[in-house]
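Below you'll find only one chain, the form predicted on its own, shown as structure tokens.
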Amino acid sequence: MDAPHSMGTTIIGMEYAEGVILGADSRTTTGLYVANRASDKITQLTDNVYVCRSGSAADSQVVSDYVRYFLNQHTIQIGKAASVKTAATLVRELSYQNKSFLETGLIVAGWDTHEGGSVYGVPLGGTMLRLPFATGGSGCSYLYGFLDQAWQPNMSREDAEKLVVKAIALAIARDGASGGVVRTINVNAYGVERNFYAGDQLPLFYDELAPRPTLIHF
């Protein structure tokens, strides 16, 4: 109970033909205790850029807050929306300059007029990599092979969203620190769309028990 809050999570950012999609589970843990089963791990940085957070909840939140503030000042100075690369560079700079103190891995993704949809991974230590898809958190080790096989360039929005939800559901099935619901955010030239998938809407895998009706009614 006295352990620091950790996201203990699965996060994904993925490019598709017209933009990007971000997805995350919702379980936040304090040691072995589930402190929050419905947390939102996808944070808005600007109108067109979002970040998925993993690792220490406090560290990822403070980095997101600083970057949001700097991007707001940057937008006022240049008179137009900041690019996804600018946002990712700020995340990288803060993560690298404070790498001895921070325990957080982040995925920055969004859409802009310069590069279209783009995904940048900023893992522990402050490296910044542009990738067609990125995953992080405690559940990501279950997903690399699956995503290498399943991801295709220029996927449709619907196919990309289905893949992200299926991948997070797979990580939830295998990783005890991932769980709850799945949230996704789709960003493209037409705007932003949020989607929510409750636990009983996620696909089940061979050794999972199907949810049973409860006597509690809400």
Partner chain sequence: TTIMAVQFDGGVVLGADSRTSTGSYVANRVSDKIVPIHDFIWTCRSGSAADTQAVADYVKYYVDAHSMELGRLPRVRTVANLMRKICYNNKDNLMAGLIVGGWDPYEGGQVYEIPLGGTIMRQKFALGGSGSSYIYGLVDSYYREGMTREECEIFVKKSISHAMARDGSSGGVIRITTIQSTGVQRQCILGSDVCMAMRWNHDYFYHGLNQRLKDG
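These numbers come from a predicted model, not from an experiment. Residue numbers count along the first chain shown, from 1.
The protein also exists as the form predicted together with its partner chain; that form is not presented, and the subsequent description refers to it.
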- Message: Is K162 near its partner chain? Define near as a heavy atom within 4.5 Å, in the model of the complex.
- Response: no
- Message: Can you tell me whether K166 touches its partner chain? I mean in the model of the complex, with a 4.5 angstroms heavy atom cut-off.
- Response: yes
- Would P132 sit within 4.5 Å of its partner chain in the model of the complex, counting heavy atoms only? yes
- Query: At the 4.5 Å heavy atom threshold, is G79 in contact with its partner chain in the model of the complex?
  - Reply: no
- Exactly one of L170, M155, A57, I42 has a non-hydrogen atom within 4.5 Å of its partner chain in the model of the complex; which residue is it? L170
- Any chance all of D112, T184 and Y190 sit within 4.5 Å of its partner chain in the model of the complex, going by non-hydrogen atoms? no
- Stretch 81-97: residues contacting its partner chain in the model of the complex, 4.5 Å heavy atom cut-off: none
